[in-house]
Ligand code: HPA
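As a starting point, one isolated chain is supplied in structure tokens, in the form predicted alone.
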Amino acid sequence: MSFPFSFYQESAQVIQNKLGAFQPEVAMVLGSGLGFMGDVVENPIVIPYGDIPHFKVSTAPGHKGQLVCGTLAGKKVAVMQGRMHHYEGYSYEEVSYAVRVLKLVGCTKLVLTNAAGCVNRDWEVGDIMLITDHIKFFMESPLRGDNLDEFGPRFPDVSHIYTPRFQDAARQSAQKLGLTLREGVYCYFPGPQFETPAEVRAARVLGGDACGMSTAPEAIAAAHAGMEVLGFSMLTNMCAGILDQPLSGEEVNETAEARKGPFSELVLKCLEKM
């Protein structure tokens, strides 16, 4: 069952009341181990998800579960420190609910980050990947149910779900910073189990370069609402079957922590150009 548009309006109104005259223009969703970006927001206004009506609470390890609004790299931002996942028991509409609310608050641009497993054998753990497209075959769309015309059309075009001009800005930013920026396709898997070696091989055959359990639903909701999207994956581990070793959530967070310096530099440089 779809949420009525009034739910989104109520959530947006509570956020706006707390922000006063401040109106963010760029929304940011920070994935596992990457929430530190919210800690460097200038003049922050912090709103716990639990204080926003109809919002769900993030239960994933390392996700603070709060909205931080302020200034970052000269841009007015609304940073989600933690996201909701389908594997937590939430519907896809609930997973992408915050993106639609932030559009109503004034955000027209969205930066999505995630920690992902590396499918591409030519890359290495710790690489940063610019998401150029994604594959999501599993289960329903976040747009399933009654269409909310206030956000967008029944059948939205997603030919360029990740905005080309933002991708160009990311390439230029990486070059200026002297960073190697991988480019590839993100494959969405619902989790919470890591992908099997067979699933990883299938993703590679289909053209995937990374696998993860987030991002795609939020990108779809953003595209439906007419938002421009920039996406990055931090490749925190090689996917199952590539190396002869088990996978763990601890490895994901450890790699993200070790690589947070160059990752944050890249995101900040991109923000300047958005």
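For every residue, the number given is its place in the sequence shown, counted from 1. What you see is a predicted model, and the numbers here were worked out from it, not measured in a lab.
A second form of this protein, the form predicted together with this ligand, is not displayed here; the remarks below concern that form.
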| said: Can you work out whether Gly184 and this ligand are in contact in the predicted bound form, taking contact to mean some heavy atom pair no more than 4.5 Å apart? | reply: no
| Is Leu247 close enough to this ligand in the predicted bound form to count, meaning some heavy atom within 4.5 Å? | yes
| said: I'd like to know whether Ile15 contacts this ligand in the predicted bound form, with contact meaning heavy atoms within 4.5 angstroms. | reply: no
| query | Taking 4.5 angstroms as the cut-off for heavy atoms, does Gly31 touch this ligand in the predicted bound form? | reply | no
| remark: Of 207-215, 39-47, 64-72, 221-229, the segment with heavy atoms within 4.5 Å of this ligand in the predicted bound form is residues 207-215
| query | Looking at Phe166, Tyr90, Phe151, Phe194, which is the one with a non-hydrogen atom within 4.5 Å of this ligand in the predicted bound form? | reply | Phe194
| query | Among Cys107, Val95, Ala115, Met129, which has at least one heavy atom within 4.5 Å of this ligand in the predicted bound form? | reply | Ala115
| What residues, if any, in 250-274 have a non-hydrogen atom within 4.5 angstroms of this ligand in the predicted bound form? | Val252
